[in-house]
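Here you get one chain, nothing else, as structure tokens; it is the form predicted alone.
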Amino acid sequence: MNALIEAHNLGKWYGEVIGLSDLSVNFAPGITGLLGPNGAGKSTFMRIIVGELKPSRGELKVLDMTPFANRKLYPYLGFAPQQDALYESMTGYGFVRHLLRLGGFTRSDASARAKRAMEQVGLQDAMNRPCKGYSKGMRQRTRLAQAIAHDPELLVLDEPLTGLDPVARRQIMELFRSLAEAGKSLIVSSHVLHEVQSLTDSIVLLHRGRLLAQGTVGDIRSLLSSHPREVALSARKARELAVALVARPHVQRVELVDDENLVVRTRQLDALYEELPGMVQNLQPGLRSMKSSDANLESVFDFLVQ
């Protein structure tokens, strides 16, 4: 099996509302970030992957099986939806154990797995408290616990970091990495791009139900070759540096922000980086810092959407 998930001309619509439109994409094993703004079709696609929704058109294979209404596939999948649907009167531990029992596990096995899952998400001290008293972050971690408790091969996680404080966020990201190292595959959706970028270099971008781009961060950034790139520089003699830069043929514009800061726009970023050290050596402008404003995935996404 070369691809974990294979989608061909996948479409899903709700009356006149289009959730997905002719989506063709493959997912390889490992961690893949499913990215896009709210309304891009991420949740719809994930619900189709785990068999909750039937596509309106096209084909989808998950672990070489068709997911909709396929009981044979369900033990291999773990799904943490974005929607909050805990049983309020149950404890977090009881909720996870109950779902495991519904999945066919024995009482003792379900108890052991539920306890371990709650510990993995950092809720060992609160697992015997009713869910109705949980904070938003604790509820999110409980949903993650039920997704991993049965040890699935593929985890489908819809905005799993939403509502987590910085400490819990770091713990959960470490959990994701450890699961991947143990041979599990994860699809992690988000509209906060830097979160996914810190987890994986493999990304899929959706926009308005369509595939916008797929590949590594480097692959996606290579698509920007036709777009101008910007570099912010801070220097003691920013004006002198600006005069030298604006004379370069690949530089489109130099904006002097103030006496010590400027922004350079170029279509040949490599040429700028190659020439800048020599210019700094000759001019001695007192260069303090240099930062590419589009060096992260957030800017790549903005450029591609535009």
Partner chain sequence: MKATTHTEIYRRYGGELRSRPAVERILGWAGLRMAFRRKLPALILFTPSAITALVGCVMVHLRFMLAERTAEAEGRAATLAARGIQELLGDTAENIHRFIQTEQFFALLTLAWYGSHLIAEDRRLSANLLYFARPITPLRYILGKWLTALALGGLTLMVPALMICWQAAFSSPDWIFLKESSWVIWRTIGFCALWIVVMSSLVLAISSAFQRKGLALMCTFALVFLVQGISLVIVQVTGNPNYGLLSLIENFQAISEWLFHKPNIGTSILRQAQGLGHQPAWNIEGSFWTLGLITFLSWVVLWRNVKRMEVIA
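Positions refer to the first chain, counted from 1. Computed from a predicted model, the values in this text were never measured in an experiment.
Omitted here: the form predicted in complex with its partner chain. The next part is about that form.
Peer 1: Identify whether its partner chain in the predicted bound form is within 4.5 Å of every residue in the set 30, 83 and 101, based on non-hydrogen atoms.
Peer 2: Looking in the predicted bound form, the three residues 30, 83 and 101 all sit within 4.5 Å of its partner chain (heavy atoms).
Peer 1: Considering its partner chain in the predicted bound form, find the one stretch among 270 to 278, 52 to 60, 233 to 241, 252 to 260 with heavy atoms no farther than 4.5 Å from it.
Peer 2: Of the options, only 52 to 60 has residues within 4.5 Å of the partner.
Peer 1: With the partner left out of view, is residue 185 within 4.5 angstroms of its partner chain in the predicted bound form by any non-hydrogen atom?
Peer 2: Result yes; residue 185 sits at the interface with its partner chain in the predicted bound form.
Peer 1: Test of understanding: in the predicted bound form, would residue 199 fall inside 4.5 Å of its partner chain by heavy atoms?
Peer 2: Because a heavy atom of residue 199 falls inside 4.5 Å of its partner chain in the predicted bound form, the answer is yes.
Peer 1: So in the predicted bound form, is its partner chain close enough to residue 65 to count as touching (4.5 Å, heavy atoms)?
Peer 2: Yes, contact at 4.5 Å.
Peer 1: Quick check on residue 229: any heavy atom within 4.5 Å of its partner chain in the predicted bound form?
Peer 2: Heavy-atom contact with its partner chain at 4.5 Å: absent for residue 229.
Peer 1: Though the partner is not shown here, which residues of 246 to 281 have a heavy atom within 4.5 Å of its partner chain in the predicted bound form?
Peer 2: Residues within 4.5 Å: none in this stretch.
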